[in-house]
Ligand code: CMX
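In C-alpha cells, one chain follows: the form predicted on its own.
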C-alpha cells in the first residue's frame, strides 16, 4: 500500500475522532420543538457576542491580500463571516463544529430514529442553532416543512409549460424566482418592518422555500423523464427526504437513505463557494430569500461547481466503455495518464481548499461498501481511488490529489436507478438550500450590511504596489 493510500485511511480514522466541540459533550440545550422560538433566544446572545468582538478587535488585521489572490479568484482571502460551517484543509467540513462522522452519529435518524442516515431536518436545526436537536425537534421540522410544501398554481403552470429542451437547472432557478410571489420578507419590507425584525421574516421565507423545493424538483423530474406523471401529495407521515424520493417515483428504502445522506452532506461548505457566496451577496441587497437563492442556484449550475458530479460520471462511463469490467491496474493507470497528457483533468479529484480525502467522499464510500460492494461502477471508483492520487502526485500539478465529494455521488444515484445525469445538480440545489437559508437567517440577525468590496483596474493595482 502506498504512503498516499495509508494517509487516506488514517484520515478516515481521524475524522471519526476529530471534534473540538465534543470535548465537553455535544451541544444540546433547548427542549422546545419550535425552531423559531429557540432561535429567538439564541440570536440576542450571538448579537451581543459579535458586537463585543467587533468593539474590542474590529481594527485587527486577519491577513494580507496578494496580487495573485486578486487575479486568482480571491482564493484564500479571509473576507466573509459564515456561522454555519467551517472548511478545514486537513479535516474537511464541520457543521457548527461537528465533522460529518459525528453528525452521522449524533443527529436524529429517519423512521422515528430507526433509520441509518441522519435527517436533513436535524442538520438544518444544527446549522441554524448550533445545537444538536432531539428526535422530537427534528420531527417538528418535518411537520413544519410538510405543512408548508404546497406550491402556488402559477408556479405549477409555469413548470408544466416549460419546453423539454430547457435544462433542469434552468427550470429549477426560474421556479424559485417565481416563488418570490410568496415572500413574507418582501411584503414586510414593503410595509416598513423594523430592521431588528428582518430575520423573523427571512426565517419564514427560508422554511417555506426549503419545504417547497422537493415538490418543484420532483415536478421537473417527472415532466422531463417520467412523461409528466403526477408527483402525488405530501404524506404527513414521511420525512422531507422520504417524501422527495416518493414524489420522484423511487420507493426503495435504501434510496431514501441515500437521499438523506446526500441532502445532508451537500448542504453547506462554508461561505466562499459560488452558490453560498452568491446567495449571501444577493441577500445583502435585501433581495428576498427566493431571489437570493435563485442566484445561488444559477452559480451552482456551472461546470466548476455543482455540475462536477455529472462530469465525473461521464468520465467513468468512458473508462468503463473502453476498458470493460475486466481491466487491470496498469490499464487504468494508462487511461488516467492519457487523460492528463491530453490536457484534461481527472474529474472528481482535487479541491480548492481540502488537502486530504474529502470526508463526504468517505461516508459515501462506506455506504457503498455496505449496500453495493459488488457493483461494477463502485468497484471502478474504488480501483481508481487506489491509483489516481499517486499519479497526480507524480504529475506534480495539483496540491490535492485526493477525491472530493463528486467522485462518488453519481455512482450511488446510478445504482438505484436515477440515471439522468442532467438532473443531478438539481438534487445538489435542494440540499444546498439548507446551508444557504440557515446562513441568510443569520445574515439578517447579525445585521450584515450590503456587500461591496473595493476593486482595482490593473494600472491602479500596479500603482498601489509600486510596480513600473
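All values derive from a computational prediction rather than experimental measurement. Numbering follows the first chain given and starts at 1.
Below, we turn to the form predicted together with carboxymethyldethia coenzyme *A (CMX), even though it does not appear here.
Heavy atoms within 4.5 Å of carboxymethyldethia coenzyme *A (CMX) in the predicted bound form map, among the stretches 149-157, 316-324, 394-402, 86-94, onto 394-402 alone.
For residue 221, no non-hydrogen atom is located within 4.5 Å of carboxymethyldethia coenzyme *A (CMX) in the predicted bound form, even though that partner is not displayed. With a 4.5 Å cutoff on heavy atoms, residue 344 counts as touching carboxymethyldethia coenzyme *A (CMX) in the predicted bound form. In the predicted bound form, none of the heavy atoms of residue 214 sits within 4.5 Å of a heavy atom of carboxymethyldethia coenzyme *A (CMX).
Although the partner is absent here, residue 303 sits close enough that one of its heavy atoms falls within 4.5 Å of carboxymethyldethia coenzyme *A (CMX) in the predicted bound form. A heavy atom within 4.5 Å of carboxymethyldethia coenzyme *A (CMX) in the predicted bound form is found for exactly one of 280, 365, 102, 351: 351.
308 is the sole member of 207, 261, 308, 377 with a non-hydrogen atom lying within 4.5 angstroms of carboxymethyldethia coenzyme *A (CMX) in the predicted bound form. Taken together, the three residues 75, 340 and 406 all come within 4.5 Å of carboxymethyldethia coenzyme *A (CMX) in the predicted bound form, as judged by their closest heavy atom. Residues of 412-437 placing a heavy atom within 4.5 Å of carboxymethyldethia coenzyme *A (CMX) in the predicted bound form: 428 alone.
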